[in-house]
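First, one chain by itself in structure tokens, the form predicted alone.
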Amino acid sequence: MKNRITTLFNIDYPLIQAGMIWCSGWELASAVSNAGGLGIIGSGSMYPEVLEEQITKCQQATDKPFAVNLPMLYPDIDKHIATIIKLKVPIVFTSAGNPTTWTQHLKSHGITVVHVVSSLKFALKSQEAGVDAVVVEGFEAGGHNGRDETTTFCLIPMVAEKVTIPIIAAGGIGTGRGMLAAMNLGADGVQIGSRFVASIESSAHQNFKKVVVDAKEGDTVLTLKDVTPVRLVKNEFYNKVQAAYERGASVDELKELLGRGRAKKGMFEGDLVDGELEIGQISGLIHEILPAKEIVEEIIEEYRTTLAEQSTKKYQF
């Protein structure tokens, strides 16, 4: 499978594992890269010394390209960038901030830069900033999200119509059929997060992984748009958030309710009652925990099978 994304990243398949806080360390990133995709270390939950250790271990576990996801709001972002440059990480996915801030600095060190966006407006700004590709993420996605609630399959063609750089689709994609549909709409590749949360190598707590595979349609909701939009599994913490909205809580009250370490408590420590449980709508299609290599192989096989079916009578009118 050769296209603009596989060429840009020097990988076998245009399939990227999302960089997710508390869920995607070196074990998952290296496993996905070894399977032919692009693995990403999620640095947003890591202290600088932890990121350095994670990158070093990933380099020892794979000789294939991998990336680091870098949330622009991270307080020690300059330290993370220094580590990335020092250890010669080839690819960085930036998110949650202005791409003009660090793109040219990273590119001056030979690093490929991709920025995550949730709208056409920010896709165009990212292209102007000089990024090499954009991830366009619809509101179906897990974790932190855009406020406009534009769906992935609306966003892809809107962006494809206006930008010239490669497009990676994200949000609501976890199967080969979904991957093909996204690429038919104009994406050059896909970024998948939730499906890899439910992998053997994911650093998510086993309790959280079980919640993901048990999830049904409607079990997740995009909320906290006044603070930081996030898609959550409905649990006691979510119920408290909803109760706060119903009584007209202020932004400061919502921030206090969210507090610090809530995501760690839920996804990494396995507190299913008071923890923040971030996952995408695609969780309703995830039914088992598998090794990352099998997940990649399953998605690519289904993609190829479905692609072949497109030339049969099933799709002719």
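No experiment lies behind these values; they were computed from the predicted model shown. One rule holds for the numbers: they count along the sequence shown, beginning at 1.
The following text describes the form predicted together with a small molecule, which does not appear among the structures shown.
Participant: Taking 4.5 angstroms as the cut-off for heavy atoms, does residue 69 touch the small molecule in the model of the complex?
Facilitator: Answer yes; at least one heavy atom of residue 69 falls within 4.5 Å of the small molecule in the model of the complex.
Participant: Though only this chain appears here, would residue 65 touch the small molecule in the model of the complex if you measure heavy atom gaps against 4.5 Å?
Facilitator: Answer no; every heavy atom of residue 65 is more than 4.5 Å from the small molecule in the model of the complex.
Participant: Please tell me whether any heavy atom belonging to residue 73 falls inside 4.5 Å of a heavy atom of the small molecule, as the geometry stands in the model of the complex.
Facilitator: Residue-level check for residue 73: yes, a contact with the small molecule.
Participant: Closest heavy atom of residue 193 to the small molecule in the model of the complex, within 4.5 Å or not?
Facilitator: No.
Participant: Would you confirm whether the three residues 22, 44 and 278 all fall within 4.5 Å of the small molecule in the model of the complex, going by non-hydrogen atoms?
Facilitator: Contact check passed for all of 22, 44 and 278.
Participant: Just give me the single entry in 282, 263, 55, 35 that has a non-hydrogen atom within 4.5 angstroms of the small molecule in the model of the complex.
Facilitator: Of the candidates 282, 263, 55, 35, 263 is the one lying within 4.5 Å of the small molecule in the model of the complex.
Participant: At 4.5 Å between heavy atoms, only one of the stretches 282-290, 57-65, 44-52, 27-35 reaches the small molecule in the model of the complex; which one is it?
Facilitator: Only one stretch qualifies here: 44-52.
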